[in-house]
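Below sits a lone chain in structure tokens, taken as the form predicted on its own.
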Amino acid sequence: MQTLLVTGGAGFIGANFVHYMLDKYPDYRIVVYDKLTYAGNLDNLKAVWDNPRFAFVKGDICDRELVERTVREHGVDTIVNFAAETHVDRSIIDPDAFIHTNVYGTYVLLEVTKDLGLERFHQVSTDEVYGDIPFPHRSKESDPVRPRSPYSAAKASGDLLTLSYYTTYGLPVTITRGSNNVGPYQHLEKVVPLFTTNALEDKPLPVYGDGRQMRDYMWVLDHCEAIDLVLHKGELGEVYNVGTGEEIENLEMVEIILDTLGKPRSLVHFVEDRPGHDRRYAMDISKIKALGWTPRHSPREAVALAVRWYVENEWWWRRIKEGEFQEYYERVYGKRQVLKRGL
């Protein structure tokens, strides 16, 4: 493993992974392949742009010819697939892009891996493929997938395709399913950066339903360390859950944001819930712990760290909050009924 094609590497988790790998492995080369949709941002790669071991290719993972040419020209031996449409709310509004990228795009990458005889294909997935998890159960990697949104269904489909290529063709694949990541470069459509930047501007924080949904918030660089470990020590054909193993209510996440910023509880607006909103995600992470990984941060620490990053990096998020994002925000939240104001 010397040259990695990181698809979706201009996005949130992908960009953090690029920074992490270039810093840790002085002999590795990284080729970022990204379509640069609204979620892809070259500012995320600003710090590595002039690194001689870094290259960037603008492209769609559904474009078989360009993917194959990129792999050949750069001598890629490993593909790490972060490329995906990721936001549940957007998948409810427009599922077509999610099926195209998350399913067909994964198929294209698997075909290139097979036909060119690459060393590894790694699929970056999500805990949402397990669906709503009743207490006290924790999802194991062997549990059936039960996705409940177009986004999670598309990701589950990509996972199943990946595993089928291992069984059918003996393709060297691994999968990680991560919990809710937070940290630098996360797009403002996601809850922690959205609520943080809204609070900084003294705007309402639109909390879905009663806010009692349970989530495992993980620091993004902890996730990157786990992917790195699976790439080097993971068993082929296996899935690894990656999270903190601890959940907090969304209301507690909101309180951490407000307390970190010194903002009042009156900014909270409980709004009409999202269709099919999963109440709880919870994963058993014993398998990856046995491989030698443990998270460095708790969910509470991760949220507070993320908030401070957005406070210190207004240059990064200010431009995103204008233009297309305003239109999206109005579509998702503008007509939602406010159920209650304040905590």
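Being a predicted model, the structure only gives us computed values, none of them experimental. Numbering starts at 1 and runs along the sequence shown.
The same protein also exists as the form predicted together with thymidine-5'-diphosphate (TYD); that form is not shown, yet it is the one meant from here on.
Under a 4.5 angstroms non-hydrogen atom cutoff, thymidine-5'-diphosphate (TYD) in the predicted bound form lacks R308 among its neighbouring residues.
Q213 belongs to the set of residues with a heavy atom inside 4.5 Å of thymidine-5'-diphosphate (TYD) in the predicted bound form. Under a 4.5 angstroms non-hydrogen atom cutoff, thymidine-5'-diphosphate (TYD) in the predicted bound form lacks V103 among its neighbouring residues.
In the predicted bound form, L221 stays away from thymidine-5'-diphosphate (TYD), with no heavy atom inside 4.5 Å. The stretch among 189-197, 140-148, 111-119, 72-80 whose residues place heavy atoms within 4.5 Å of thymidine-5'-diphosphate (TYD) in the predicted bound form is 189-197. This chain lacks the partner; the member of I133, V88, I256, L267 within 4.5 angstroms of thymidine-5'-diphosphate (TYD) in the predicted bound form by a non-hydrogen atom is V88. Shown without its partner, this chain lists H277, R300, R296, R64 as candidates; in the predicted bound form, only H277 has a non-hydrogen atom within 4.5 angstroms of thymidine-5'-diphosphate (TYD). Residues of 197-213 placing a heavy atom within 4.5 Å of thymidine-5'-diphosphate (TYD) in the predicted bound form, in sequence order: P206, V207, Y208, Q213.
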